[in-house]
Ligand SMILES: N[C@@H](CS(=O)O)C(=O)O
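Single chain ahead, by itself, as structure tokens, in the form predicted alone.
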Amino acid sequence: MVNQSKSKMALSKIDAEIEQVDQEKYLRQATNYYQALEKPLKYGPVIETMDQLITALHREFESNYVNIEMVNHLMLSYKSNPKEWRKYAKFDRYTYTRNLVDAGNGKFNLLILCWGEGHGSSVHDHADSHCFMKMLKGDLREKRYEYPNRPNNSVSRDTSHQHSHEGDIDPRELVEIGETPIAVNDVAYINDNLGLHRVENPSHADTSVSLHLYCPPFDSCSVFQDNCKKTTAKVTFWSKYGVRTKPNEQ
């Protein structure tokens, strides 16, 4: 009885500590070690619809301690069904679009990005957040680069090329570290400790659609030119919940 009482007390203490965790701070710290799952967890729930995915994501973010592996599992488990996401898929003739599906009560953003033929992003970071990207239609190609002057990459360890002021980061070109095709129902994951990336639709005949989860959500990120020049860019929504946004609502 004494041992059981002590065990209950210990578990209660752990539960209390978890409840006191700052969720946003915890998620940002988790980018220091999280690498991504290659396939769904054996013990994880099966997600059959987008509504189930959204409900399950809200459940995971109810606790301050977010199981980021389970979030990854949920994104992997969902299988693309155009009937479920077509209403959010809004294209623009000239650029890829970011369409908000769910704001996650301010704890995450779930978006559908639509890529016209040949459309691509700039090289960018993710403001110390987690980024999961699942293909719903077509194909995308991801190019990754070392994050200039991050403490865990080779560029930053070369002290002869340190930045003199914000904006001028490194006189050399960005260092490409990999290129990966992303096919339907694949999930790519990146955070700033893993590098920067650029995403593009390699097809000049077909469009592509991808589902993105960002946690914590962010309203600006850094974009990089080939000479490592860094600027801050505001991220906006082309539509929200299937409705085209006005400039002051983005």
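Because the structure is predicted, anything quoted here is derived from the model rather than measured. One rule holds for the numbers: they count along the sequence shown, beginning at 1.
Keep in mind that the form predicted in complex with the named molecule is missing from the display, and what follows is about it.
- Although the partner is absent here, Y34 sits far enough away that none of its heavy atoms falls within 4.5 Å of the named molecule in the predicted complex.
- The closest non-hydrogen atom of Y214 lies within 4.5 Å of the named molecule in the predicted complex.
- Within 4.5 Å of any heavy atom of the named molecule in the predicted complex lies no heavy atom of M75.
- The closest heavy atom approach of K143 to the named molecule in the predicted complex falls outside 4.5 Å.
- Within 4.5 Å of the named molecule in the predicted complex, a heavy atom is found for none of Y26, R59 and V66.
- Partner contact region in the predicted complex: 194 to 202, out of 194 to 202, 26 to 34, 42 to 50, 66 to 74, criterion any non-hydrogen atom within 4.5 Å of the named molecule.
- This chain is displayed alone, yet in the predicted complex one of K107, K137, R98, R150 has a heavy atom within 4.5 Å of the named molecule; that residue is R98.
- Along 104 to 126, these residues reach a heavy atom to within 4.5 Å of the named molecule in the predicted complex: L113, W115, S121, H124, H126.
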